[in-house]
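We begin with a single chain expressed as structure tokens, specifically the form predicted alone.
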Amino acid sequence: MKTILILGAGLSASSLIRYLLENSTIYNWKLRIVDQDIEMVNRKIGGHPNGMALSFNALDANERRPEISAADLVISMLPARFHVKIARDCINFKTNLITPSYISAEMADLNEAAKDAGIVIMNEIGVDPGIDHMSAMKIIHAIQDKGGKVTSFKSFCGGLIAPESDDNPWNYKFTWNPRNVVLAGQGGASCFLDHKEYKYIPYNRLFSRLAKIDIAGYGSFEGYANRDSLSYRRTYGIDDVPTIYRGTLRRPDYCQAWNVFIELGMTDDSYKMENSETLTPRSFLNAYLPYHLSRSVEDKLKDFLREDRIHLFEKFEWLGLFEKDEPIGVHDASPAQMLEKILVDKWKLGKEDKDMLVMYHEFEYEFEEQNYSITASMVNIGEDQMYTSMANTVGLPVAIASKMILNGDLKTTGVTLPIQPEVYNPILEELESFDIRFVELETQLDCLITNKDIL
């Protein structure tokens, strides 16, 4: 019997655990699942005889190393900053490792050591990164295999709310880490290539320069640029591509409204507000509006919105920003932390709500003196609060890769990610059985447009 050690059993691990338990009898696996919340782990195991819930400090080397040494495969669902320590232990004990997180410079430095140990450290195999890599590489390789040349690659992904659960004017609820949503885009300019020209979008303009996307059956979306698009040129083997752009999807008007928070200063995480625990939503908002003897907070916000954005007023009213009775109640908080608390209370998923994961790729390529366009879209709806679309699209690729490693179907060693056909083809094929599939449309273009900006 082979042993799988899972470190971390939070939201994104639910579908991973279910898949591995359902297949454990067929393949003779046992799961040892570690989390501080052992009751949650037991709920996810559901009494399955091949699952065992453990509660120890996975960050303590003395506690985790005996478990790693006894495992055939480690799956780290811990925060990304802890993966390198786990990876070093896996190299020492010659234990294979999977993480869904980006390959950091420190992790990349372990490549030769992992190869010497004869193990694979598979990273970036969730949804974004993960399914984005695999679905993009499948199309890029198909273009290149027939002699075509990719001239443009644009890719977008968004964790959103399913249409049947979309009941607020922001058309959004949290399906992932709320803090990451509040701080999205901070820390430097977003950079991409547009027809061989380097383009930069600073944070103060990020949510006002948007790409427009329509997906049949699901309506309109807007995309704002991700921090780094350029590194994907090398990852995808398209180093000389003239245009490359990656972005995050939201519904129309979300970004324009979010930009109001940025302009006001309410997403700033660099300082603490005085007496933050006493601030109500109304006084928090008013702290970023000018003093006026007679004008209300509502009127001052309308002045700030201006006539061209006054249609957004309902969104801020719905958030309860004008309520003055109850303090937000966050001690020694930054503006971003105050805003996060308000949003968490208003944007939480209801008991019957379902989430939605949307991914969209757009390629242009040249072949035999003709120009072509390919679009590929994937929309997946979650099952319920435990098996969300986010959990399915993160956890299932990890689980399928786990099966491939344990069954000896994945021969790669070293620090890697799923960009090889022998990795992504079987994973994408099996994901279709879980209704995680792409709809592709190819069209021939009359001519290649060379002077049109993305944004």
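Treat the numbers as computed from the prediction; the structure is a model and nothing was measured. Counting begins at 1, following the sequence as shown.
Another form exists, predicted together with a further copy of the same chain; not displayed. Remarks below refer to it.
Here is the short version: of 197, 164, 345, 323, the single residue with a heavy atom within 4.5 Å of a further copy of the same chain in the model of the complex is 197. 230 is the sole member of 108, 142, 230, 216 with a non-hydrogen atom lying within 4.5 angstroms of a further copy of the same chain in the model of the complex. Partner contacts here mean any heavy atom within 4.5 Å of a further copy of the same chain in the model of the complex, and among 73-81, 350-358, 287-295, 91-99 they occur only in 287-295. Contact annotation: residue 300 falls within 4.5 Å of a further copy of the same chain in the model of the complex, judged by heavy atom distances. When a further copy of the same chain is considered in the model of the complex, residue 240 lies well away from it, no heavy atom lying within 4.5 Å. Within this chain, residue 118 is remote from the site of a further copy of the same chain in the model of the complex, having no heavy atom within 4.5 Å. Among residues of the shown chain, residue 205 is one whose heavy atoms approach a further copy of the same chain to within 4.5 Å in the model of the complex.
Contacts of stretch 345-369 with a further copy of the same chain in the model of the complex, defined by any heavy atom lying within 4.5 Å, are made by none of its residues.
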